[in-house]
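Only one chain comes next, encoded as structure tokens, the form predicted alone.
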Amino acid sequence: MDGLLSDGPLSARLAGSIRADGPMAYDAWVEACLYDPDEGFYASGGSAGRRGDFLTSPEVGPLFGAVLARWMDARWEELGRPAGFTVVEAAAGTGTLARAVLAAQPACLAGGRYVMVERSAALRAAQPTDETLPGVDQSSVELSSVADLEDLTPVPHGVVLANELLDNLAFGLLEAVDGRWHEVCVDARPAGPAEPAGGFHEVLGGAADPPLPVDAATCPPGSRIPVQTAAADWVDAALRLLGAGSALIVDYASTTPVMAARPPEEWLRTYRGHERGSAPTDAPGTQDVTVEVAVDQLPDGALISTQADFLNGHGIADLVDEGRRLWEERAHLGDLTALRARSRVTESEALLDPSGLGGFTFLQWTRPSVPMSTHE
């Protein structure tokens, strides 16, 4: 991977690394395509949102954040209303979810902290600050941003959130061949007159053990499974960060055996400009590379629900009813408050749709309260 440290276009640097070291492991390829600091997808402007490349629940509208604010208050109450409650939002992007949560003014953040974690410097630059949140009382909330979970000190009481992060962490790939799993790697094609870099394609590497006991001999030839070590490590790191509280992960998810039985293109996808992209080996750095999250490869102990069930369980219906009442009271004014209240109805329909966002998976790991002396 040393070739990636040199100057030049990402494609050329990847090709140079492959020429020097041989075919590249799939997780290293994904890492470079998404997070190369100069030309990775997120460094070069890729993002969520209506003007971005894909739409996630926070971009539907502020209702999603308002429900999560209620969940945060519930966790704070269960922990005995501790002072200095901290919300850590990973993969915070430009801060869309942070804006919605802070606008809801959860009681847990009075005197607390909201920390946005985002690897991309370009996205961090667009995040809100105390000065860019008009109409939101931030006098008692410490709002900050860091690049990595490792930049944070332990959180005695709080929550860690990650909305559609794990699907974007680097992952390996295995393919069933002659009853054994083999690593899938990325190689460079020979350069041609029309394409100096030559392009890239997948090749099979050596035999490898699967992350779980999925028997390749019982799978059709060509079956594939992801290896999501980085996702499991990230959850472990999030849980180690917490003294007491919860880690809440939202993503589209499956299991390793189920993915082995499905066509790989159903669970390994690319996106660009709200459209499905091309092969993951095409045009590195120009498209999102995403994979369904294998829940069985993550740490044990998560409470699992669908997004629809989670949001219903934390009062989305109450917020929608409140929006209807506000609209009825203020429709004649047509002001921003009335329009926002009215939008809750359409937002809830999108967030709860079982064939869309409502079918996403919520995974919640809970750490019980521990004596504060352990954090001193």
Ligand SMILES: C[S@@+](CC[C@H](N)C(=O)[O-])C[C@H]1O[C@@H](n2cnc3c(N)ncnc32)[C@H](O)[C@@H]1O
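Nothing here was measured: the structure is a model prediction, and the numbers come from that model. A residue's number is simply how far along the shown sequence it sits, counting from 1.
Beyond what is shown, the protein has a form predicted in complex with this ligand; the following relates to that form.
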Exercise. Quick one: of G243, G93, P106, G172, which gets a non-hydrogen atom within 4.5 angstroms of this ligand in the predicted bound form?
Worked result: G93
Seminar exercise, completed: The listed residue (Q297, T86, T270, N163) that reaches within 4.5 Å of this ligand in the predicted bound form by any heavy atom is N163
Exercise. Of the listed stretches (174 to 182, 209 to 217, 119 to 127, 276 to 284), which one has a non-hydrogen atom within 4.5 Å of this ligand in the predicted bound form?
Worked result: 119 to 127
Problem set entry | 4.5 angstroms heavy atom contact with this ligand in the predicted bound form for D36 | no
Exercise. Though only this chain appears here, would Y42 touch this ligand in the predicted bound form if you measure heavy atom gaps against 4.5 Å?
Worked result: yes
Exercise. With the cut-off set at 4.5 Å between non-hydrogen atoms, does E59 touch this ligand in the predicted bound form?
Worked result: yes
Exercise. Heavy atoms within 4.5 Å of this ligand in the predicted bound form: does A147 have any?
Worked result: yes
Problem set entry | Heavy atom contacts to this ligand in the predicted bound form at 4.5 Å, residues of 234 to 266 in sequence order | W234
